[in-house]
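We begin with a single chain expressed as structure tokens, specifically the form predicted alone.
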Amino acid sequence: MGERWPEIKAGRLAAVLVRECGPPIRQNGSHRVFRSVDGQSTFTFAIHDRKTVPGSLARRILVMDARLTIEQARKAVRG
């Protein structure tokens, strides 16, 4: 299949999204709307900062929603 992705705190994942996609285009409470890196779509990130995000969900958010490549996503999570 593929490699197992580590869990990540939602606050850290949000910081990765800001670094890669830019600041949220709008926010309402914990719901932050980002523009994907290709500029073609938007997605909502609505997880509270102290929650832990499972690795599979973090991968989906970074690759499917933010539209990073697998390599870009791995590099972004590692720091």
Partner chain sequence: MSEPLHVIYRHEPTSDGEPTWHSYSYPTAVYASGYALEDLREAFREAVAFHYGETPVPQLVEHLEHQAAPGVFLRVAVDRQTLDRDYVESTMRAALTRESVHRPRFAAEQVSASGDIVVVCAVASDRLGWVFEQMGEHDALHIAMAVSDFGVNIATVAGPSGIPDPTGSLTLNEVGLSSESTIGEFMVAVTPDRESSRLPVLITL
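The model shown is predicted, which means the values in this text are computed figures rather than measured ones. Residue numbers count along the first chain shown, from 1.
In what follows, reference is made to the form predicted in complex with its partner chain, a form of this protein that is not presented.
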query: Contact label in the predicted complex: A15 to its partner chain, heavy atom within 4.5 Å; finding: no
query: Its partner chain contact at S36 in the predicted complex, heavy atom, 4.5 Å; finding: no
query: Non-hydrogen atom contact K75 with its partner chain in the predicted complex at 4.5 angstroms; finding: no
query: E20: touches its partner chain in the predicted complex, heavy atom cutoff 4.5 angstroms; finding: no
